[in-house]
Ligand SMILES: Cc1cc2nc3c(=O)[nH]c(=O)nc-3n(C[C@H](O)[C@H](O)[C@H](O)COP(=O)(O)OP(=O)(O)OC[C@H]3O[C@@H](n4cnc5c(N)ncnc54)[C@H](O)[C@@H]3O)c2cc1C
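Given as structure tokens, the chain that follows is alone and in the form predicted alone.
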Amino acid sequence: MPLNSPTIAGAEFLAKLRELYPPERVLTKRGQLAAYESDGLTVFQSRPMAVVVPNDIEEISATLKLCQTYGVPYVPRGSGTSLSGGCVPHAEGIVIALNRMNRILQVDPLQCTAVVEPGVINLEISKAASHYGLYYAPDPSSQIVCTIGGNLAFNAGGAHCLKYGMTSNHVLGAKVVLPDGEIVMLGDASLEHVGPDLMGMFVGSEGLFGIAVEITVRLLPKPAAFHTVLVGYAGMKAAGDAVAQIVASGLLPGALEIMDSLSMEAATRAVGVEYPVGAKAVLIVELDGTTETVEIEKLQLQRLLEASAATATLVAANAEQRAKIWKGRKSAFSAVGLISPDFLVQDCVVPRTKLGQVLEEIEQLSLESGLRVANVFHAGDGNLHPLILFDGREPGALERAEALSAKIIRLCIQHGGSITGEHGVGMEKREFMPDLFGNSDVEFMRQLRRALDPQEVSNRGKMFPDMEAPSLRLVGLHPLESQGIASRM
């Protein structure tokens, strides 16, 4: 029975919710809902009917069964740090806030695993595991606040994903509540699986297949040694070419990151990090592993950097200098707010061999549009994060920024890349799905989703292109401006 009448059926649905939750865990007042209207990409905003705050698996299961009965869409949410509109609520739906489910249930130092609830903060896993000389490898820039449930939904990566992989490489299993409320177990604590990789299907599905309520993750031994180098270059192409040369040599650093002059300026203003004078781009290279291995690899790295077009090289002499280099890199996204009133963050992937060329073409697109673009990204796996700077108070500025963003996305597709590396498709990039996969592939994905969720109540309006909630587009009004919703970031 679909929710056709928000007044009658909606009131009945809310009454049923209040039977499941105490009053303080059912939020319906405008001020209470304000914090849940968008994620980190605040261009897309929508106010939900209600927000519920479950404490356990049984409450989540009962809530999803109720949503199925009334046809009410829901979106699970952690810290809301996603950057694609992935956890923007449906106006006729609810938000299931998972922040209270934040327990680390088990750390097994012998099996090198941990079992955690979805509201656990990424960095807290490493803190809990550190007593055993272990840590959790995926390290998004927002790791001090983002949750493991959100990391799983979007297959988050981080600065060290070149060597250690994405969330999908570190989640072994999960207890999941499917959209109809059924509780199932996907995967297990073993690295050896038999049969279909259902856990692999679930990771990165952006909440379309249900909610992970207990997550088993793989832990790794802490590296014994690090060698971190900050290298200056006269331009982005030279830095990009250096990355290609390092990877082609067979050397596998823990991280390869690039920042341009705008992102360096922002990081300097935000956290006081100093960069080589005159450098238009910097490359951060970090080696890690056993002491013996790092000693050998740093000599190889030194030869590669000397053969590149480097203008300056700074080697972190101690843990404090290393931490400062990474503080500058990980602050870059938020720091850009100090040099621009508004910005759009993009998330595309290109082959490493095309890095230099694509960066040059993005620079040309920036000049043609009259909008500045700050580049800070995971260079090792070609995961670009161009930040398009604009002032939303200027008429048409948002539309120009979106048009440039769309051109960058299509540029990456043309060069054999992808529309997302770790931020997800969400609402922002849905219209580009057929460009990347083709209509028949997208339709197959939709059929798979409907096999588990025929009513599409689970995070409705995300990932798939349709007319219900338009995504990023080249021309015309922003999808939410016609609804009178602010687009200012």
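All residue numbers are counted from 1 along the displayed sequence. Computed from a predicted structure; not experimentally measured.
Not on display, but discussed next: the form predicted in complex with this ligand.
Visitor: Considering non-hydrogen atoms and a 4.5 Å limit, does this ligand approach Q346 in the predicted complex?
Guide: Flag for Q346 set to no.
Visitor: Please determine whether P179 contacts this ligand in the predicted complex, using a 4.5 Å cut-off between heavy atoms.
Guide: Because no heavy atom of P179 falls inside 4.5 Å of this ligand in the predicted complex, the answer is no.
Visitor: If we define contact as a non-hydrogen atom of the residue within 4.5 angstroms of the partner, is T147 a contact of this ligand in the predicted complex?
Guide: Contact check for T147: yes, within 4.5 Å of this ligand in the predicted complex.
Visitor: Does this ligand come within 4.5 Å of any heavy atom of E361 in the predicted complex?
Guide: So E361 does not count as contacting this ligand.
Visitor: For a quick test of understanding: in the predicted complex, does each of L162, D241 and A379 have a heavy atom within 4.5 Å of this ligand?
Guide: No: none of L162, D241 and A379 comes within 4.5 Å of this ligand in the predicted complex.
Visitor: Thinking of this ligand in the predicted complex, which stretch from 68-76, 123-131, 258-266, 314-322 has heavy atoms inside 4.5 Å of it?
Guide: Of the options, only 68-76 has residues within 4.5 Å of the partner.
Visitor: Looking at G173, G254, P140, G93, which is the one with a non-hydrogen atom within 4.5 Å of this ligand in the predicted complex?
Guide: Contact with this ligand in the predicted complex is made by P140 alone.
Visitor: In the predicted complex, which residues of 66-92 put a heavy atom within 4.5 Å of this ligand?
Guide: Contacts from 66-92: V75, P76, R77, G78, S79, G80, T81, S82, L83, G86, C87.
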